[in-house]
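The chain below stands alone and is given in structure tokens; this is the form predicted alone.
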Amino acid sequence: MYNYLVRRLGFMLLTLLFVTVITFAVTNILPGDVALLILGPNATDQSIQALQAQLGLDKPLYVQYIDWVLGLLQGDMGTSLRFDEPVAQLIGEKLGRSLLLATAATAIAVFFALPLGVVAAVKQNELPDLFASMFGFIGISIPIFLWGLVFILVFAVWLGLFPTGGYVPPSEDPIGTLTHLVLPASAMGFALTAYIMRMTRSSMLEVLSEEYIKLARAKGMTQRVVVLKHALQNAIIPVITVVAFQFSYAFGGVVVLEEVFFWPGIGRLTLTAIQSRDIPLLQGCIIVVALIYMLSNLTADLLYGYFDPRIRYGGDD
């Protein structure tokens, strides 16, 4: 396990280095002059050149990249052009909020998806399977932001049970945090449930057709023991992969949903950086989202061995 973990961390560092190269290249080919954007259209050539020198924009691109990476290694992501605050500080403020929303949405999705997928597989081609398949089709087909609008219309406007959006820090009002979290987490979790449920059903169907499952039933084991102890335990590995991916997607990939609910997370901050052409902020957001993706995949890999002890990591005895 130790050797495997060291190799994975090394691979993550190489991947992150590759991400920094792509991020720096893409953000630097965007049209427009950053110095002109800051100073405005009435700026003189002298003031533009002075600001370019101050920001290091007059240096060759490879020097700018090296300086940026060295800053990242020291925890310095630069200064936001729009907010005039350290990028690390801005992202740090949004990080906990995005993690809270992604964790809640993923928990809701897993809570509903696993039982639905298991029942659909056990009752294949029967009514429960039909309903689960229809739910999966609808959940995948409808954009996630539309689920957000539906949840707002039903539970906030019509029923008045929850606020339409916004965010309240837990330090100020923990109950307010939960009430503002319910709708965005439920809307996102509802959409994620469809993906996880479909994978659970597919994996369970494959395992239930194995010979050892038939042998377990021939030995007189109850359906509950066969399904939960033998089948689900062996079917859970691909489901873990999907859950890890969906968590990463919920963390930084649902920009529109955060905008619908006015949730001040990483996705909304990324959108603001794009709209204002705030290059340092955009670069920082991309790096953080990429890091969360990699950590989610690493966590999934480590969970494989926990749920299936037969799995041995390369280099282990």
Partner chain sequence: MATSTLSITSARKERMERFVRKFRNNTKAMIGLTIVVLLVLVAIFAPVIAPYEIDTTSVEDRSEAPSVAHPFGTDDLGRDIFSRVVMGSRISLYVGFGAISAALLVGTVIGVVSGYYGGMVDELLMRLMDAAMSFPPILLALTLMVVLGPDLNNVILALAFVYTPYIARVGRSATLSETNEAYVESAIARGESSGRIIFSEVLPNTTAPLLVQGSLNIAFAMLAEASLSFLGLGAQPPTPSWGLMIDTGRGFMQSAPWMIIFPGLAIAITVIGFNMLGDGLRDILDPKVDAIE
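Keep in mind that what you see is a predicted model, and the values were worked out from it rather than measured. Numbering follows the first chain given and starts at 1. Note that the rigid core is defined as the largest set of C-alphas that superpose within 1.5 Å between two forms.
Missing here is the form predicted in complex with its partner chain; even so, the following discussion is about that form.
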inquiry  = Although the partner isn't part of this model, could you tell me whether residue 180 comes within 4.5 Å of its partner chain in the predicted complex, counting any heavy atom of the residue?
reply    = no
request  = Verify the contact flag for residue 62: yes if a non-hydrogen atom of it lies within 4.5 Å of a non-hydrogen atom of its partner chain in the predicted complex, no if not.
outcome  = no
ask   = If you check in the predicted complex, is residue 252 within 4.5 Å of its partner chain, heavy atoms only?
value = yes
message = Within 4.5 Å, heavy atoms only: does residue 256 come near its partner chain in the predicted complex?
response = yes
request  = From the candidate stretches 86-94, 192-200, 115-123, 68-76, select the single one in contact with its partner chain in the predicted complex, where contact means a heavy atom within 4.5 Å.
outcome  = 192-200
Joint contact, 106, 171 and 298 to its partner chain in the predicted complex, by non-hydrogen atom at 4.5 Å = no
task = Have a look at 43, 51, 289, 38 for me and say which one sits with a heavy atom within 4.5 Å of its partner chain in the predicted complex.
result = 289
Contact set, 257-272 vs its partner chain in the predicted complex - heavy atom within 4.5 angstroms = 259, 260, 262, 270, 271
query = Does residue 238 count as moved between this form and the one not shown, where moved means a C-alpha shift of 2 angstroms or more after fitting the rigid core?
reply = yes
